[in-house]
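We begin with a single chain expressed as structure tokens, specifically the form predicted alone.
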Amino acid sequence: MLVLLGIHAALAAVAPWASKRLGTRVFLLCGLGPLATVVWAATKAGGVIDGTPVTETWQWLPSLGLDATLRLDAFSLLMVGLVSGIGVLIFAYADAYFSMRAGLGRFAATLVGFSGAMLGLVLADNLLLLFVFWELTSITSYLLIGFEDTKPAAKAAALQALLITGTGGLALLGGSVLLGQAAGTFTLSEILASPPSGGVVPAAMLLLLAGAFTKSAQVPFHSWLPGAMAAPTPVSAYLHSATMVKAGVYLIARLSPSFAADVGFWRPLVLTVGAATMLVGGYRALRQHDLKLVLAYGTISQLGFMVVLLGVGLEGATFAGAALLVAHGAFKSTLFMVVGIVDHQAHTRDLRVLSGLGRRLKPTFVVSALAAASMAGLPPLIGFISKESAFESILDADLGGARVLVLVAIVVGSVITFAYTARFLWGAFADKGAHELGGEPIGPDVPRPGWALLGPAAVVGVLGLAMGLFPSPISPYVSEAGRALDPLLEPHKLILWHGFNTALVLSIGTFLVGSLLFFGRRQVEALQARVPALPNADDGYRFAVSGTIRTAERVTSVLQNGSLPVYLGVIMMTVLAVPGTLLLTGTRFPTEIVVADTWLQLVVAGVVAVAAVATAWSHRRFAAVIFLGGVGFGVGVLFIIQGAPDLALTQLLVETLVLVIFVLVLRHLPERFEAQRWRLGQAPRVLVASGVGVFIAAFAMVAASVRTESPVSDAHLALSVPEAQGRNVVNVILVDFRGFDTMGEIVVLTVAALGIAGLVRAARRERAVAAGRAARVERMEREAQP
């Protein structure tokens, strides 16, 4: 598995260079990564289905619990089949879809990197490693969506996707850390086998669900997904059918069997969000005129359906959700590739002007009809089997009063799915009358696509029909995928005909009502137009972004206004607010305080205090510097009394140097301090300064009394002679123990001194040039006078 990830990375590295020689064939080269993964997974499938997962571990950062542990169980096998199986077809499709253009090698590299990131995500058996791949999918999708970076819409959509999914990624990281700490391990399989409870686990689950909802475009985080349609169609097909949007569903599916029953808010939250997403996505799909947007909102709706099934954590629903994962990957990748063909040949995706494509592009229409029928849940396709299983599972689910609500939601969602699917097929391929066209019809004369462009869509479209007619070959994979999520489940079997039961009645009702919605589409559109516009997720996103910018501007105008007293005040108040609060609430003050060892210390300390007060009250700069020097020299005397002559010598040298520098600088400054009035008066300054002084004094007393470990100075004293052959431990620390630090500090100071010297010389040279120029001008003016 590590080798497969390495192959993806290597292909991403060579793709920009290879595109110069191969042209669009670089996509076929990059497709070797997913192809190798499919071949490898096929060789391991037998053992995995029999209950023997494949595991690989590479020690990465064991001290942090971060190991590159990859695990292929039956559910991961199902996801690998989707990610890499559809990935092979997407790369073949991209080869036919694109013509050679600038940046295509970079695009191919990002696409194969995206494929590798998603592959790592579904194989990761460590929460922190899963987060790494999770974020890689966000970054690579940002680059793919914004590939056409000259278009403002593409850049805005890419940024929106990155901001929303990136925020969810931070929530995922927080939840992973909390869950790993609660479980005592970050290994996902161990956590699921023995899930922790209580404590921070509910908070961890809430954060993990937040990350999953943003990634899988659940309400109210779904606004980024339609915007991602700015990406080229191969990216849309890959992203919507098999990769990034499935990541959140994958995470929810992994966690739900272990936590759905024990975490109280899990089922209500997941069912509410999933059902709302299914209905909102379907409703919005009914009012789109861009074929890509119809499918995009349809994807949101289907993702909500999957979250309901895989998030409820019940036996039948889990199997139905696994079947829907497969069916959705098949029909959605087909339909997106078909939209790409229509756009490629007709140069438009507007269903209001497309007409007659069904007669002109018959093979494309047949492939589309197969995939659309599967999405609508019509027999005998895999979509019908998964929908029937979903209805049956919710009918049998023990959800109390919520069962009816969930059942109504998914039936209504299925009705809307049927309606927008029919609208999609009609909009793309039907012959439209003049009263239904919104412009000059486009369709009868468009060029027919080659089989290289249609072939990948045809393969996966026909596969959906084959899986529906003959579900037995795929049934063990779906069944064991469900059992990998919950080992206590009984084996399940996918069958096309369940008999005449309640689920079939619901399906027939879905077809009838959905047909009414489609044939009454003009009335539906008119009704939607009369519905008042309500705040939607796009408005929320724009409000959040603009609010953040306004807040940042206001905070910056207050805290970064160029006033040094304001900067110092903010820093000091932060010191009082954060460590000061902890000092007061979480620290035990020492009961025995030694004020002084000798009376001489009290005398010197008194002198230091008087000098410090005099510094603050002085109105003349020179006097203030002298008093400040008195403070420093007084501290040096305290070091001598305490028996630290080396430290005292250092202190006295530093104070002397500082005093000399101050005196030199004072030559260029006014004699007296300039009195500046503050509109809040002097009282806040006095309070803040006094508070910081008290805090520093209290902190010094507490810090000296709360030591729990031996001071590092003991080790320095013990090692000074045997290892450094030096009895002056201060010198040994500077030259031996911290030798590299000291050398680094010297280098920094040297570089800074050279920079300052260069600036001073440059200023002198400029002054000299200016003086010479002025002299020449003066001479010329003098010579010009009569």
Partner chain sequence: MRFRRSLVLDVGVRVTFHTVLLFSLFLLFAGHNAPGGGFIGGLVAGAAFMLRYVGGGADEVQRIEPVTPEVLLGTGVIIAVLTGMASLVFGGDFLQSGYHPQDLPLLGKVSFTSVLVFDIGVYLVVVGLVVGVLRSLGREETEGEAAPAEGGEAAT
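Residue numbers count along the first chain shown, from 1. Please read all numbers here as calculations on a predicted model, not as lab measurements. We call the rigid core the largest set of C-alpha positions that still match within 1.5 Å between the two forms.
FYI, the form predicted together with the partner chain isn't displayed, but the following is about it.
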Since the chain is shown here on its own, which stretch among 748 to 756, 40 to 48, 22 to 30, 66 to 74 would lie within 4.5 Å of the partner chain in the model of the complex, judged by heavy atoms? 748 to 756
Would you mind picking the one in 149, 597, 539, 646 that has a heavy atom within 4.5 Å of the partner chain in the model of the complex? 646
Distance check, residue 548 to the partner chain in the model of the complex, heavy atom within 4.5 Å: no
Taking any heavy atom pair closer than or equal to 4.5 Å as contact, tell me whether residue 653 reaches the partner chain in the model of the complex. yes
Is residue 61 close enough to the partner chain in the model of the complex to count, meaning some heavy atom within 4.5 Å? no
Distance check, residue 488 to the partner chain in the model of the complex, heavy atom within 4.5 Å: no
For the stretch 703 to 733, which residues lie within 4.5 Å of the partner chain in the model of the complex by non-hydrogen atom distance? 723, 724, 725, 726, 727, 728, 731, 732
Did residue 644 shift 2 Å or more between the shown form and the other one, C-alpha, core superposed: yes
Yes/no, residue 731 Cα shift of 2 Å or more between the shown form and the other one with rigid core fixed: yes
Once the two forms are fit on the core, has residue 283 moved its CA by at least 2 Å between the shown form and the other one? no
